[in-house]
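Taking the form predicted on its own, here's one chain by itself in structure tokens.
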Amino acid sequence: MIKVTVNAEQKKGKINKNIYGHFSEHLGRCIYGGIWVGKDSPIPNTDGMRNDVIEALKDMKIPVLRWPGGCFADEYHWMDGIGPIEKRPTMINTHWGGITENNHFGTHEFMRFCELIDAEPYINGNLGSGTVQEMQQWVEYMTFDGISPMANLRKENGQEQPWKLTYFGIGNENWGCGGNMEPEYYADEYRRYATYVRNFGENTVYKIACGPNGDNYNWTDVLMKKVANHMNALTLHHYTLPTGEWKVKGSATVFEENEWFSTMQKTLYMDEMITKHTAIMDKYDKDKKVALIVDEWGTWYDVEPGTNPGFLFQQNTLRDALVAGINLNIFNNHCDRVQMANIAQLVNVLQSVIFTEGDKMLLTPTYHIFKMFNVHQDAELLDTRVINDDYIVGDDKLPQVNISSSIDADGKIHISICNLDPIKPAELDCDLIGDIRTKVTGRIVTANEMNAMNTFDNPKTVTESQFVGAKLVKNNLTVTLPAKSVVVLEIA
């Protein structure tokens, strides 16, 4: 029996809704075919953006969307993506498949898409191959409410009023595809570029610096030491690879329990990394003014057989649903420092929430986790104590369940629980401290097989449904979680 205590009288901070953010890169079929089909497409669209995708994302309550990359961001020159579509120059997407980009989806289209899905834009600027002037002019183009060459150009291109832009990344993965820089060099470059990312009018830019690759703690230390006073946030990238190796990452759909276990083990490492990066940040920023933003995370497998290896298309199974739930719980529990996260990626790439194929669309298991978990957005994290059971494979073991809990503005408590064990159910005995609660309801995502997935022939194999395995008596909650399941409880 797993013993849990949820203390509704001890709030530990606000869970920023942006933890539930997403990432859309010019990569494979994420933008073209996934979001953008063009105004003349027979696929129903609004201003060239797919209506089915728009409605699904609004229903999921996506709060923030990152664009245009990723590695693509540091070779993207924004002026190629404005003006009449037929006059925009093409470019070669050297990172992702070597295909020719037509630049039909640019700044105006991205901002319009964010409006349509009710999400805030998070734009990543080009520090790797761009110039200070180019970055300065992009911010001016988007946000200046006055008379200037860039503001006038924006108006000529059909946007009379400036956009509101809060989140702006100054470079991406500058330790790798963004320039292969050392942290000391990037820190100096960041300081220079950030100087010219200005606030125009009432628009205030939240400046985001490129942070470490996984457990590169030295990068965090150098950046915090040199430029903490010049940034609002530092990023962290960490992908879950079942094998831990980039050359052979493992199949998205064909795996045994040992690979399931290693995937859970690798994704739980996120908690250790955030804890250690936070400790370094605390040395220089005790008041936690600088946020940690995990703006690339999720599973990364070998591409599906027969697909373009540069398009990073992978299937999405129940295993991915568990990875999503675990990470979202981890981010919730670190809400004092983690203020945003962006799963990679939105449509048709890596751990997507949506697949499209021509005029068809389906929702992946990961989508249903985000939809269930959106009750935590902007809620207050509650103190939650767990005496766990073990999930054991061979000589290795992991905590069987992974939990976070919150209380919303209406006083409802939500507890999200992942049972990592694909064989055994989890029995929980949970004491609720605080006002008397009388009603518990729940939703669940599970399936019979570890590799259960949704396809266009069977799009609802893995979906959310009503959960009836919880009982509440005088603030004592007993829960039986099926094996390999994710449950979100509402207690009123």
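A residue's number is simply how far along the shown sequence it sits, counting from 1. Predicted model, so just to flag it, every value in this text is computed and none were measured.
One more form of this protein exists, namely the form predicted together with a small molecule; it is left out here, but the text below deals with it.
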One residue of E140, D421, E173, E109 in contact with the small molecule, assessed in the predicted complex (non-hydrogen atom, 4.5 angstroms): E173
Heavy atom within 4.5 Å of the small molecule in the predicted complex - the one residue of I326, A344, L165, M181 that qualifies: A344
Stretch from 24-32, 448-456, 426-434, 45-53 whose residues place a heavy atom within 4.5 Å of the small molecule in the predicted complex: 24-32
4.5 Å heavy atom contact, R154 and the small molecule in the predicted complex: no
A291 within 4.5 Å of the small molecule in the predicted complex, heavy atoms: no
Interface membership of H237, the small molecule in the predicted complex, 4.5 Å heavy atom rule: yes
4.5 angstroms heavy atom contact with the small molecule in the predicted complex for A321: no
